[in-house]
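Take a look at this single chain in structure tokens; it is the form predicted alone.
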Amino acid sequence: MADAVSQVGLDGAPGRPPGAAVASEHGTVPDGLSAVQTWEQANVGLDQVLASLPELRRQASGGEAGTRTAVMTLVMVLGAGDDPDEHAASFRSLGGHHPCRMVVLRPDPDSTPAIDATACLWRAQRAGDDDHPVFFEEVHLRVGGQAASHLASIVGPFVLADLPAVMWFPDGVPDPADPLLRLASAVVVDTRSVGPGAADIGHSYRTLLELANHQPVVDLSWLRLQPWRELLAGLFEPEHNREFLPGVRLASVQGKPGPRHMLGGWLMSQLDLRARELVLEDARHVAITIDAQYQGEDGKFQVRRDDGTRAVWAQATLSGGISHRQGLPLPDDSLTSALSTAISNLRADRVWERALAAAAALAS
């Protein structure tokens, strides 16, 4: 192959360290971020919630808060057991670089028919930029009763015109027929959360494939796995190592159900492997091993993360004595890092789609 990378498929406050998060009435708040104004009301009409947003800006001290700076609308759809602050805090930390209007939906069809709402205006101060703070809005809507089955009509008025609208499902896979998705420019999911049974994984992957036929889908788990994919591709960059690609005899992937199935599907789709040439094993951390031959020479290509380290290591060992070793550090906050990458790349990923299709077949 002319390009091994193509074949493998690459596409502070005092007393706290900079970027540290602190607890407040709003939950976890990253350093450099502060709540300027808050509005809250139970059993409220949508028109009242919408009216509260410009009022929050008007009440904020200084004219700088009156100008909206937004790059998108982000709608986060939570499940019954999800913690809204756990996920919202990760996106708040990106507010200085990716300001948006964030709408957090908590549908509760079994509760009393009502909409309870909270709206907050946030001020993000970038390090070293005291003169240009960024302001963004966060709206929480708990939707009870029958209205929880009609979320599209509730969310629609909050979507900012002429800007991308991103639907984020932190802990599940949406139904492709959900009318809420008609508002979406892109959908963000996390295949690490699906499973754990093979039947569950296969069904979720097939659902995502159907969804990807209509709009871009960005998988946070896939983004987190990029260091493993990059390093494995790098092992085949030396010209001699590329010759081993057609001679792959066996590949194994260790890890939790979602990541190991996705990486297994990736190897199958990119290296044209059959299911019997792939072994999937449960493990705490992801590891990939490929055994291959070229003209009677054996090659072992490994990528793994060791316990107690925040780095991924890759090593190629050949029977002829040639070896190669390389490492990449992992992000400190995988969810925040993956979210930042996701909203910067809201487009279809054909490599991911092929890996997903193979992983769905693998889990069947």
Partner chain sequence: MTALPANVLAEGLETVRRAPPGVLVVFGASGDLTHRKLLPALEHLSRRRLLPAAFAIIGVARTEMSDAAFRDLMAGADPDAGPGWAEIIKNSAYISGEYSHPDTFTALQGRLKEIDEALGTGANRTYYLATIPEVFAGVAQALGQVGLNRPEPGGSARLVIEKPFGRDRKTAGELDAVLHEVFDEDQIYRIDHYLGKETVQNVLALRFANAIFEPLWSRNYIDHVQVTVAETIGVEKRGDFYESAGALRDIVQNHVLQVLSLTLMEPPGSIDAQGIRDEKVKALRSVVVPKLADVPNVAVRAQYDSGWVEGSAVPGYRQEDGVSPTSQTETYVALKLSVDNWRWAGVPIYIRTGKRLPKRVTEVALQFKAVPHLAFPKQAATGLNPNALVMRIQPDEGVTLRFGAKVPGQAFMVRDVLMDFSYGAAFLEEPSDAYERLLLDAMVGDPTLFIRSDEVDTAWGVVQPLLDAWAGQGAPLSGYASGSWGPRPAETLIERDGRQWRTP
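Numbering follows the first chain given and starts at 1. Model, not experiment: these values are computed from the prediction. Take the two forms, find the largest set of C-alpha atoms that superpose within 1.5 Å, and that set is the rigid core.
Form predicted in complex with the partner chain: not shown, discussed below.
Quick one: find which of 201-209, 77-85, 176-184, 262-270 has residues within 4.5 Å of the partner chain in the predicted complex by heavy atom distance.
-> Among the candidates, contact is made by 262-270.
Check each of His214, His97, Arg284, His150 and return the one that places a heavy atom within 4.5 angstroms of the partner chain in the predicted complex.
-> Answer to the contact question: His97.
Which residue among His324, Arg304, Lys300, Arg57 has a heavy atom within 4.5 angstroms of the partner chain in the predicted complex?
-> Looking at the other structure, the residue within range turns out to be His324.
Please check if Trp313 has a heavy atom lying within 4.5 Å of any heavy atom of the partner chain in the predicted complex.
-> Answer yes; at least one heavy atom of Trp313 falls within 4.5 Å of the partner chain in the predicted complex.
Hey, in the predicted complex, does Glu239 get a heavy atom within 4.5 angstroms of the partner chain?
-> It does: once the partner chain is placed as it appears in the predicted complex, Glu239 has a heavy atom within 4.5 Å of it.
With heavy atoms only and a cut-off of 4.5 Å, decide whether Gln226 touches the partner chain in the predicted complex.
-> It does: once the partner chain is placed as it appears in the predicted complex, Gln226 has a heavy atom within 4.5 Å of it.
Glu277, heavy atom within 4.5 angstroms of the partner chain in the predicted complex = The answer is no: Glu277 has no heavy atom within 4.5 Å of the partner chain.
Is it true that Val134, Pro329 and Arg354 each have at least one non-hydrogen atom within 4.5 Å of the partner chain in the predicted complex?
-> Yes.
Is_shifted Gly320 between the shown form and the other one (CA, 2 Å cut-off, rigid core) | Yes, the C-alpha moves 2 Å or more.
Rigid core fitted, is the C-alpha displacement of Gln48 between the shown form and the other one 2 Å or more?
-> The answer is no; the displacement is under 2 Å.
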